[in-house]
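One chain follows as structure tokens, the form predicted on its own.
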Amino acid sequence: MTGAPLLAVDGLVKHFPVHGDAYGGGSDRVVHAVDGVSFTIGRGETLALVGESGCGKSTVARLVLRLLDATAGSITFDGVDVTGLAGKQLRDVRRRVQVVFQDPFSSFDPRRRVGDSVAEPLVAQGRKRDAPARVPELLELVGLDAAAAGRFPHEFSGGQRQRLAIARALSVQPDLVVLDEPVSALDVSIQAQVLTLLADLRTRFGLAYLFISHDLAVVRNVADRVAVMHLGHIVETGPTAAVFADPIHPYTRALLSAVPDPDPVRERTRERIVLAGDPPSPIDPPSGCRFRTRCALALDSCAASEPPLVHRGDGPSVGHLVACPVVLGAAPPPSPSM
């Protein structure tokens, strides 16, 4: 990435209060959904945020969109800190930052014609007069007939509805689109079509994407850089090719070991990393490294303090950061059996 980033997230924190337990007892506690997350996205760049369900990646997406207010940290978009914006200033930022959600059916009001739904951002931005001309253009842009504007959501397939969601996101000509699991609800063949569309739109309009996903096979083909989240923290980040070719953090390596290999011979013989125990609770996370309770490489010192993200090295590893002093202290160890 060259030049100032389009989006810069620094020390982002989001805690949700939990008042008592299911039986009305217990002390007030918090869910540590996001704890000190930092990353940047350049203009025209795709950053993938990946990890298990519950790691906090979708919460990060909602914080970036200002659908949630951060507990701490900052979100800077095109040089402006947006964490405290409201009113017209926030609306101006939201025009430039749009979203495509996971479920293409629940994204639309079933009682409204899709043309009206696609035009919603235009109306919200005070550009209702532009809708009659803009909506047909948008539908054709995503591969649908302009006449589809008069139909209802239930008349479309899942892939078509996601194309409609993409059209709606592009209606106000954003610079950044947050894609929250945009293809996980679609059949594999339809996934490929939607991903191709997103790639074409990115090239055509210079869009930047924050791509939220748990599917590493998809991420490998769409992202310039990847950030791996575990229990509210980013544990490894770097160029996608570097992270996939040489994952360093034990958690990253465990995730990648679960991705099927298309070669049947390699698939039968490759080593898989199976993590022991249950994932820790975000209400009561472990001290220090939050992965240590499931890590075969963990030392007593791992409980002392939270490890920072550290540059792995120079040359081909530039920009590859890892939060694990154990593996950074020497050559990366062979894949452990966990």
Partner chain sequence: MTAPALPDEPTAAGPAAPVLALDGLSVVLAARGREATILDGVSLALTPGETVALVGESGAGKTVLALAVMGLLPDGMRVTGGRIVLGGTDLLGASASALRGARGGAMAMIFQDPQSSLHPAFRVGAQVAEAIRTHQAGVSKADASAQAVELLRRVGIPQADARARDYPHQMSGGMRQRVMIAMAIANRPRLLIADEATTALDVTVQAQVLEVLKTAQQETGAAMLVVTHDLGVVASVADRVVVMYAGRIAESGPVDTVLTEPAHPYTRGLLAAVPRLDEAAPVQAIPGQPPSPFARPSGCAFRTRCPLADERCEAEDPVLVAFGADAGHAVACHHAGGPA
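In this text the structure is predicted, and so the values were computed from the model without any measurement. Numbering follows the first chain given and starts at 1.
There is another form of this protein, the form predicted together with the partner chain, and it is not shown here; the text below is about that form.
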- Residue stretch of 231-239, 78-86, 189-197, 204-212 approaching the partner chain in the model of the complex, non-hydrogen atom distance within 4.5 Å: 189-197
- Item | Residue among 275, 309, 298, 31 with a heavy atom within 4.5 Å of the partner chain in the model of the complex | 275
- Message: Residues 283, 286 and 292 are flagged as a possible site; in the model of the complex, is every one of them within 4.5 Å of the partner chain by some non-hydrogen atom?
- Response: no
- Answer yes if any heavy atom of residue 259 is within 4.5 Å of a heavy atom of the partner chain in the model of the complex; otherwise answer no. yes
- Message: My question is simply whether residue 160 lines the interface with the partner chain in the model of the complex - judged by any non-hydrogen atom within 4.5 Å.
- Response: yes
- Determine whether any heavy atom of residue 173 comes within 4.5 Å of a heavy atom of the partner chain in the model of the complex, and answer yes or no. no
- Interface membership of residue 45, the partner chain in the model of the complex, 4.5 Å heavy atom rule: no
- Item | Heavy atom contacts to the partner chain in the model of the complex at 4.5 Å, residues of 60-88 in sequence order | none
